[in-house]
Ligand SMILES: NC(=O)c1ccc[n+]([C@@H]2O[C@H](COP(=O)([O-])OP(=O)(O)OC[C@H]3O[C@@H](n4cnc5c(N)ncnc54)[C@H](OP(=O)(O)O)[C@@H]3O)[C@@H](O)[C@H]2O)c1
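As C-alpha cells, one chain now follows by itself in the form predicted alone.
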C-alpha cells in the first residue's frame, strides 16, 4: 500500500493553483511527489505562490488569464514545453462567479463565467490531448479532473445563475469526455467541492467564525479542510483511482448525498 498514492515522476497542471482551493490541491500533488505547474491571472501572485510551494517539490508558475480560447491555447503551448511532452494530470480548477438578484442579473454575467468555467477547460483538454496520450497507458491512465461544484448539482440559493449553470455543464462535459476518451486511457472525473475556507466563501465567514446558518446547512456541521480536497485529487490521480472515470464525486460534508 505504501506506493498506492505516490505521484513521483508525474507532471500535473492545476489551473488557478496559486490561491484558495487550487493551492490546496497543488500542495497535495506536490506532497505526493508530482511536479506541478500552477496558473493565476496575476503574474506576481503566481510566481510568489510557486516559490513558496517549491519547498514541497518542483512547482512551475505559468501566469494565465483564461478569459479567452486563445489564452487557453497559449497556456497549453507553455505546458507542452514545461512538461517535456507528457502531461499525466490536468486539474481544471480556475473559476469565476457572479451573484445578483434574478430581477437584475445582467447579460454580461454570462460570457466570462461560461468561458472560464466551461469553455477554457474544454479547450485546454483538447489542446493537450497529445501530451495526455503520451503519458497514458492501460495500467496507468492519464487523468483529467474538472472541479465542479455542489451548486451545479443541487439548488443552493446562491443567486449565482451563470456559475451554477456552468458547473452543471462541466459535470456533463466530464461524463461526455470520459466516454469518448476511455479507449485512449484517459480518465475524466468531476469533483464537486462544497464549502471550504476560500475567498469565494469569505462573505460567509468572519475569520474563523462561520455563519451558523451555513453550518446548519452542512450535515457534518463544518467547512472542508485542505487535506480533504487535496486527498481526493491525489486519490483520483494515483494508482488508487485508476479504475474510476465518468464519476461525479462530492466533497461537501454531506450536502448533496444527505439532501
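Everything numeric in this text was worked out from a predicted model, so none of it was measured. Residue numbers count along the first chain shown, from 1.
Form predicted in complex with the ligand: not shown, discussed below.
Here is the short version: of 213, 199, 222, 225, the single residue with a heavy atom within 4.5 Å of the ligand in the predicted bound form is 199. Within this chain, residue 167 lines the site of the ligand in the predicted bound form, having a heavy atom no more than 4.5 Å away. Contact annotation: residue 95 falls within 4.5 Å of the ligand in the predicted bound form, judged by heavy atom distances. Put simply, residue 246 is far from the ligand in the predicted bound form: not one heavy atom of it is within 4.5 Å. Interface membership of residue 147, defined by any non-hydrogen atom within 4.5 Å of the ligand in the predicted bound form, is confirmed. Residue heavy atoms within 4.5 Å of the ligand in the predicted bound form occur in exactly one stretch of 30 to 38, 64 to 72, 50 to 58, 230 to 238, and that stretch is 64 to 72.
Residues of 2 to 16 that come within 4.5 Å of the ligand in the predicted bound form, judged by any heavy atom, reduce to 16 alone.
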